[in-house]
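There is one chain below, alone, in C-alpha cells, taken in the form predicted on its own.
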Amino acid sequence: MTPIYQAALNRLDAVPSFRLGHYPTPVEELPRLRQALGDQAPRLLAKRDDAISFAFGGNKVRKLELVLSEALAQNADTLVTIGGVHSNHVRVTASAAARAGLKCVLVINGSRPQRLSGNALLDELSGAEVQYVGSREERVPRMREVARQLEQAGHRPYQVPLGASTPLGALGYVRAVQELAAQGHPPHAIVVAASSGGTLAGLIAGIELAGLPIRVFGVSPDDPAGQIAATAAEIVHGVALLLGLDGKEFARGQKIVVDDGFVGEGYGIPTLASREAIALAAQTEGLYLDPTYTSKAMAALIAYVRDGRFGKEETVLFWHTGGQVELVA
C-alpha cells in the first residue's frame, strides 16, 4: 500500500459515524448453489449485509451511519428523504431517525397502499410522516419544499439524497471492503446490485485503496448502465476528495462495470431469471432475495457462471444488500 493510500485510510478511520449495526457481517460459503450451477462453477460466497442487525438490515445501514452522524453534528432535528413505496432506503432512514430521536419526513412516489405491508408498514410504524407524490421526478422538488417549510417553522432539517448515495455515505462501503479483507481470502470478483451508485462507488474506491485485485460487477435493477456508472464515478471522485486524494486522478483510474441486461420490464418488476434466482437461492441455501434488487443481481451471477465468465478455481462473492422485507410485501 502506498503512503498516500495509507494516509487516506487513516482519514477514513477518523470520520465519525453513528453506529447502528454490528460488524463484521458474515461471509458464508454457498456450496449447494455452486453444485446446482454445475461442475465448472467457481467457489461462491455471500457477504451477508442482509444480516445487519438494525432495522432489518441491508446496505443502506452502513451509509446512514455516516450521514446520520453528520446530520447530528449539524444539530438537525428532522431527516427528510425520498424513495419508492417499498424503498429499503426509506425504511432505514425512518428507523435511523427514530433511533437518534429525530423527526422524519418521507417523500414517496406512488400512492399509499390500501393494506400496509413490508417497508411501507415499517415506515409508518417508525413514526415517520409520509408524503406521496405522483412520480419519481417529483420527489426531489418536494423534498426541497418540505425542507424549506420545516425551516420556516423553526426546524433544522437535513436532506438525505436517494439511497444516502453521497461520497460521505459511500465511505461506509470503503470501510466494508476493509472489513471483508480482514475476514481473509478476498474473492476474485464481486457481484452486487447497483442503482443509486453509492454502494458500488464505495466498493470500487475501497478495493483500490486496499490494493486488492477484485473485479466488481454492478447489476442494475432499473436505470441504464451508463447512467449508473457515471453517477458512481462522480461519487468515487467525491470519496477521494473526502480522503485527501486527487479526485480526478483517483476516479480516472477506476473501471466501473454496470450491467443493465437484467432489468426486464422495469424497476420492481420480476423477470423469469430473477424468479429463478429467488427460488434457487432459497432452495439450495435458505438464502432469501428481494424481487427488486438482489434477485436481479443473483440472476446476473447465475448467468455469468453458466456462460463461463468465471474460472472454476476462482472465488466469486455475492454482496447481499438486503431487502427481503419486500419479498413478503
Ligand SMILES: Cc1ncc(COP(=O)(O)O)c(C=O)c1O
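All residue numbers are counted from 1 along the displayed sequence. Everything numeric in this text was worked out from a predicted model, so none of it was measured.
Omitted from view is the form predicted in complex with this ligand, to which the following refers.
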4.5 Å heavy atom contact, Asn88 and this ligand in the predicted complex: yes
Touches this ligand in the predicted complex: Ala193 (any heavy atom, 4.5 Å): yes
Ser165: touches this ligand in the predicted complex, heavy atom cutoff 4.5 angstroms: yes
Heavy atom of Lys63 within 4.5 Å of this ligand in the predicted complex: yes
Location of this ligand contact in the predicted complex, chosen stretch of 72 to 80, 124 to 132, 193 to 201, 178 to 186 [non-hydrogen atom, 4.5 Å]: 193 to 201
Contacts with this ligand in the predicted complex, stretch 91 to 114 (heavy atom within 4.5 Å): none
